[in-house]
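What follows is a single chain, given as structure tokens, in the form predicted alone.
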Amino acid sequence: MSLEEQQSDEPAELESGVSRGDELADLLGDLVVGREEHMNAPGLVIRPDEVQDALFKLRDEAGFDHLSCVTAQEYEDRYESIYHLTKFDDRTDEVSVVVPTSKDNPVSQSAEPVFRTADWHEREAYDLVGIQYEDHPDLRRILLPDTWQGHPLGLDYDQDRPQIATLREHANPLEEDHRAAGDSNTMYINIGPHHPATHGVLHVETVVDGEQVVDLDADIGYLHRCEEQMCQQGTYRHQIMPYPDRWDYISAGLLNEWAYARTAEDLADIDVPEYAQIIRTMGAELCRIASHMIALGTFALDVYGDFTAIFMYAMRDREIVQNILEDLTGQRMMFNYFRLGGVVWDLPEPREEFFEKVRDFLDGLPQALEEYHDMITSNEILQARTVGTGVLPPEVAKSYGATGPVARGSGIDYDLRRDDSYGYYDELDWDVVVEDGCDNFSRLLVRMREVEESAKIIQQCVDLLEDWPEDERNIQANVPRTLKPEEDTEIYRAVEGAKGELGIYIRADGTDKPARFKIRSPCFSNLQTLPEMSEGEYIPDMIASLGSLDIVLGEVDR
């Protein structure tokens, strides 16, 4: 859609005769130079030099306090940044702030002074697409090396262009040390990327003064595979679904698949059968339990080195879940079980044995959780290391776009399963778990209590599936073999992953492949909060804070 078409596009009206887009356009007044309509939200086109004014108004006067995602893309005639805004108190109230810039001068005002989470999101947009952001505090590459030539998601990117490597790993290790001028006692420490406490290939550049952390910078990108570009080269119907399993590859495969399925199904107006929705819900909660189990075990290992008991106990219970998921999907990690319109196949036969296996696990879970509480939450060493450390106040968490257990551990009552319901969640009895301690201990408690809520959901799904009439077990909708959404259709949808809000933006171009596919990783936004929690703390407290975020680098780097 050209700039002229943006300015003439008329929004759909509500029953009252005034659309939500009209209300927000009236609020912003002359700041709005055009209109769009995305499937999930009205789009307001803003000049690139007035981004902050528009976002401040939307945040302070309209209550849009959650910058969920920033999408950057290049068209034939312009560059474009889209700020996907919503509210922590009303997730279904959304607006897309669209900021076009010219091809010869792709410069836009930074949103970082309004939303701290824009820091990393705009660095990624600069890194992969090439848009410059004025007033950004630290505009440099984030996923690719500083010496990388070109921007991989740009239209003119040359994949065969030689890249420059500085080979700093061959520098003289005996080069003379240096000390900062004056009376400074600071020391620069590399933590990772080859260290088990960084939960993958994460490089934490840390500056300490004595034993306290005074500055911290998370260096990411070691696992970057440009998954978004891979998805842009695949067809909606069959070729994209295998990729989401590889983002959060630990235990959350079905949750990842659901993020893509929900977005593409809404884009193509596909209704999923109720029976398939129940299977999806059950499988997703099994993945949530498996994810929280490994988070629990690795957190105890990080904090006080307990491998033989807690870590192995957690892995034992996770293995039970993995066995159930293998029975359901045929795989242990890369499930590829969801299909657009449903799931690939029904529950395994004999169904009675599968239900018995699930129920045996659920029956033993309360005792297992009681043991975890005895060994972990009642442990004096763990309490001393986690209570009051890694503090993340709720307003700071919101500004960074933190979601999932990280946000709920800071007292933010936000869960997409309830607040923007999908699947079968709104038909089931369960509660959103919130703790207001805002520290490492609270985030641990949220995950442990969420395991109990997931078990309640799974139990209800099993009861429903067991009694479902055989002739009504429809696992897939009738989906066309080739999907070609209408050109310039745009949508952003998200699900509640194990680690937070996992969202996907898609722009269609009328073909069977997306023109733009953007992944909103919860770990990417949550990891930004690490300096806020760590500065002024000791290094062991920083390690505990990092463990409490429960990141996986495959999802951070994509």
Partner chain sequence: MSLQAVLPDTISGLLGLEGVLGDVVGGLVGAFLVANIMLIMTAFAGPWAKRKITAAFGDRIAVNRIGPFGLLTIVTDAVRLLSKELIVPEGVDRPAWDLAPMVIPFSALLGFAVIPMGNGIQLADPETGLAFAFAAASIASLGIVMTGYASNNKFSLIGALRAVAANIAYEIPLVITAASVVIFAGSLRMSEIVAVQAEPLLSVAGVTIPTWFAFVNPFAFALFVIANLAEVGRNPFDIPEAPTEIVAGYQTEYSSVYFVLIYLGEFIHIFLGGAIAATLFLGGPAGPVLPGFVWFTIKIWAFFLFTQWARSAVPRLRVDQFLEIGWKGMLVLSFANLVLTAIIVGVIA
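Positions refer to the first chain, counted from 1. The structure presented is a predicted model; accordingly, all values stated were derived computationally and were not measured.
Here the subject shifts to the form predicted together with the partner chain, a form of this protein not shown in this document.
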Worksheet entry | the partner chain in the predicted bound form: contacting segment from 458-466, 380-388, 410-418, 85-93, heavy atom within 4.5 Å | 380-388
Practice prompt. Find out whether any non-hydrogen atom of residue 105 is located within 4.5 angstroms of the partner chain in the predicted bound form, and reply yes or no.
Written response: no
Worksheet item: Is residue 261 close enough to the partner chain in the predicted bound form to count, meaning some heavy atom within 4.5 Å?
Response: no
Worksheet item: Though only this chain appears here, would residue 306 touch the partner chain in the predicted bound form if you measure heavy atom gaps against 4.5 Å?
Response: yes
Item to complete: Determine whether any heavy atom of residue 313 comes within 4.5 Å of a heavy atom of the partner chain in the predicted bound form, and answer yes or no.
Response: yes
Worksheet item: Though the partner chain is not shown, can you say which of 269, 211, 76, 470 has a heavy atom within 4.5 Å of it in the predicted bound form?
Response: 211
Practice prompt. Name the single residue among 191, 139, 365, 114 that comes within 4.5 Å of the partner chain in the predicted bound form, judging by heavy atoms.
Written response: 191
Worksheet item: Non-hydrogen atoms within 4.5 angstroms of the partner chain in the predicted bound form: do 360, 425 and 428 all have one?
Response: no
Practice prompt. Scan 540-557 and note down the residues that get a heavy atom within 4.5 Å of the partner chain in the predicted bound form; none is a fine answer too.
Written response: 540, 541, 543
